[in-house]
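Next up: a single chain in structure tokens, the form predicted on its own.
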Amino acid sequence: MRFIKSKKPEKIDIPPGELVEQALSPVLQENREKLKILLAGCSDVVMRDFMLASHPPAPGLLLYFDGLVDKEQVALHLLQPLLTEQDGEDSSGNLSPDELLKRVQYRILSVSEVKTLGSIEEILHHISSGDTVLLIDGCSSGLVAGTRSWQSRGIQTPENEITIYGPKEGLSETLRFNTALLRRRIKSSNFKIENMIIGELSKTDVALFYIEHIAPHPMVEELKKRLQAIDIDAVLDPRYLVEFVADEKRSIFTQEQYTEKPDRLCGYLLEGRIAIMVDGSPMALILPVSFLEYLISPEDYYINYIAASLFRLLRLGAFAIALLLPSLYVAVITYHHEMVPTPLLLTLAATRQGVPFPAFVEALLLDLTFELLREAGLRLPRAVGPAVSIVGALIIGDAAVRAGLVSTPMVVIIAATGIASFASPSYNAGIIIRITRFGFLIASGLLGFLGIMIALILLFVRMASLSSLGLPYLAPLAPFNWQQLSDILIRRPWFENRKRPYLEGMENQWRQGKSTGG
């Protein structure tokens, strides 16, 4: 067997960017020099030279990053078979370099995942992902073996989505572990997982999840198009992608949902939604989503449907309280005294004696203080954060009342508002409430109930103008669909839940009982 004789390559004077785009050379030494230039300063790279046990022996090179590969697998399933005598050596001398490469791929290596590559760029991507690359002198192609193994956080209970009933598993930072969690729950060939690489420097693995014939095909293609158009140096979390794929990029109204529960993610997929996951993040991004779905808790589907329906109505009431209670109180105290009974009005007036601020300023100061305490509690260590926020609120509230800076009813109003805002099962909805509440407070301070109504109209008009990947943001309220709206206001029992929430372009809308008619 003849090999291309390795010769000392001339000094390579090519910019690294052009080196990356080059195809592999049949001369191993040239490939080695190019890789040394590109990987200069990378102390964790391992370049292992060896002689392939062929007749005659052929020079080879193993390339990987220390810490990303399973060294035992590299030693037992790559190096050992390559260095020991191969079967059929008597005929190996008649093999060309490319035939020898195929022989190594199909008969020698015992790694489960082996494929060919042909460029420097592919080599850099695969070794950065934890694979091992094999180059043989005389071959203009190389082999990549799946040897990925790195330290990662195991499957744990989600921290942000606590449920009493239902599965306790949470997504982890390793993308392949997450795909397995989902594949175990949806055992169908229609469940598609498409991978793409985003990030000029990070080369991040991004996965797109959807169920064929349930997720609308035009919606899937549109999301793929938006993802492929992203040109950024690095992607470290799904939130990096949100502002690129959102329909409305300059709005406080978030048009996506996040979850770290595999069961909840599968529930969204079965309703025709599309999910995006990024390697290195335990959060899944779900599109499209309507605002009313933020009020649905994943635990609703694990308890009795009557109790779940009552809890949904309770959360809807808590949403109204968190949004409107301070502004309604300010409007009544400032402009609309006739709206409350006289004894109650006299009690409120007595408590406000000596307070130097109008009701609007009083509510604004207390609300800002409450938000400040909440942020401080989130940023502090978990062992002291809740205690500091609760004790701080009690001490500051009591001290403010004793000093005559605020009235006692206002402290009660802000406290009830804060408790109601915690009832929202979605952090996205909580952010929207916390921001828009100040707008309603200002409107009520200026015009009373009229200002609140104007603010409500503007809020609904703005929300009605938004969409999430083509889905109207207020669906099924606008456009109105009573069948779907009834399943959001209450939790419909499974034996009556025959259809999925309809999305434009959905082919299979039936959950059950298709043969029994509409």
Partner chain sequence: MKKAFLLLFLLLLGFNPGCGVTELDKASIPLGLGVDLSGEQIVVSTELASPIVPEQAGSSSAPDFYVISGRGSTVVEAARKITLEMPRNPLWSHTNSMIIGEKLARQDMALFMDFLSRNRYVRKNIPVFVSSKSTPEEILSVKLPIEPHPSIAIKNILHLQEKQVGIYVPIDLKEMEFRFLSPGIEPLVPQVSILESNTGKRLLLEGAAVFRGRKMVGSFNEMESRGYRWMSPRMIQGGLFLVPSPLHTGKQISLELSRSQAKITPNLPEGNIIMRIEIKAEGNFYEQNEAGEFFTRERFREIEELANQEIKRQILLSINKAQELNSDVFGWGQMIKQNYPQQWGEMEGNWDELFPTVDKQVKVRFSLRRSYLADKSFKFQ
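Positions refer to the first chain, counted from 1. Model, not experiment: these values are computed from the prediction.
Beyond the structure shown, there is the form predicted together with its partner chain, which is absent from this document and is the topic of what follows.
When its partner chain is considered in the predicted bound form, D233 lies well away from it, no heavy atom lying within 4.5 Å. Proximity of I162 to its partner chain in the predicted bound form falls outside the 4.5 Å heavy atom cutoff.
The closest non-hydrogen atom of H337 lies within 4.5 Å of its partner chain in the predicted bound form. H55 falls outside the set of residues with a heavy atom inside 4.5 Å of its partner chain in the predicted bound form. Stretch-level contact check against its partner chain in the predicted bound form with heavy atoms at 4.5 Å: of 458-466, 23-31, 55-63, 478-486, the positive one is 458-466. Only one of I395, L378, L346, A403 lies close to its partner chain in the predicted bound form, with a heavy atom inside 4.5 Å, and it is L346. Between the options V245, I333, V278, A215, the residue in contact with its partner chain in the predicted bound form by a heavy atom within 4.5 angstroms is I333. Contacts of stretch 288-325 with its partner chain in the predicted bound form, defined by any heavy atom lying within 4.5 Å, are made by none of its residues.
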